[in-house]
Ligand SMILES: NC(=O)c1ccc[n+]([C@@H]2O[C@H](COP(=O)([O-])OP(=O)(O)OC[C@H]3O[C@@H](n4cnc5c(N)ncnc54)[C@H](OP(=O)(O)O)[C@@H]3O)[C@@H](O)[C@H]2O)c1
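Below sits a lone chain in structure tokens, taken as the form predicted alone.
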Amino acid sequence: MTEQPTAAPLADVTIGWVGLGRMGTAMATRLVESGADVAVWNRTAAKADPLLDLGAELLPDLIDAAGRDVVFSMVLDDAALDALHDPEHGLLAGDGASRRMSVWIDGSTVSSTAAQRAADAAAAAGVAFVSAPISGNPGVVAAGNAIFAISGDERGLGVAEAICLAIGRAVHRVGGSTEANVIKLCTNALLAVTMQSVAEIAVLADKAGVSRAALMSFINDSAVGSPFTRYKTANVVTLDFPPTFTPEGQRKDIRLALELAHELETPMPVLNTTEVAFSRLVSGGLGEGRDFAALVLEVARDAGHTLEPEELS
């Protein structure tokens, strides 16, 4: 169910933020600007400088994040999440004598298996673990329009909700385990196949002599138009692809969804085809340094067709 709640205030909660990639930085910025007490850690410490300018504190080591009431992590993949609960060097290392952390929230897009490993490690240390994957790109986050799915230990859901609402506009409580991770993978799978479809019809229309700007304007005003098609219209029309989400990142999420599908004996022929398309985009070089909407270039190449930039209508 969707919660637009009166979440618990954060005035008396100290937060340790772990992970400052594009999304992590955008999210942590929103949290600091909300007035929350935030200290940050990242492997490359220089990435924390913009947050420090806003008033965040720098944590010298990962283990120092466990000295805060709550830790929120935002990391790249399963391996990076596993490293955060490494028994010797992770957040839960040591005898816990100096550990203040009672809740660990993870917003990363990872497999439900990796999230469960983190939850089990946290539970063994007496820490409540909450999965809180986010939907939105850095621009959406900066505008305050991102949404979250959260699931996990009941003891941590209230504070997780409050933190997520300081960053985005809505929180969906979806269960008591790793359900939020499944929802995020399903959502990103739909995102990927939608982008594949948009790329294909854009090339088809262009090859038939129809303006891509006119096509996307009509689609965006139709029943199948969506915030996503509107977000990607500029990419498809102008052929400018400043990265909000990389092809490599999208392919990683597709593969996680397919791994889950294989585990659960769920055929996903459309998503399998889309994985091949993104792999070709990555391996062929057309996606390098670009947003995943550059898939339209791969589709055009397959069609033996050259796209030219257009102006937005």
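Residue numbers run from 1 along the displayed sequence. The model shown is predicted, which means the values in this text are computed figures rather than measured ones.
The protein also exists as the form predicted in complex with the named molecule; that form is not presented, and the subsequent description refers to it.
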| item | value |
| --- | --- |
| Contact residue in the predicted bound form, from Val198, Val75, Ile183, Ala166 (heavy atom within 4.5 Å of the named molecule) | Val75 |
| Heavy atom within 4.5 Å of the named molecule in the predicted bound form - the one residue of Ala294, Met23, Leu10, Ala300 that qualifies | Met23 |
| Partner proximity in the predicted bound form: Thr266 to the named molecule, non-hydrogen atom cutoff 4.5 Å | no |
| is_contact(Thr44, the named molecule) in the predicted bound form, heavy atom dist at most 4.5 Å | yes |
| In the predicted bound form, Gly19 touching the named molecule (heavy atom, 4.5 Å) | yes |
| Lys252: touches the named molecule in the predicted bound form, heavy atom cutoff 4.5 angstroms | yes |
| Stretch in contact in the predicted bound form with the named molecule, which is absent here, among 152-160, 168-176, 221-229, 77-85 (heavy atoms within 4.5 Å) | 77-85 |
| In the predicted bound form: members of 128-167 within 4.5 Å of the named molecule, any heavy atom | Ile134, Gly136, Asn137, Pro138 |
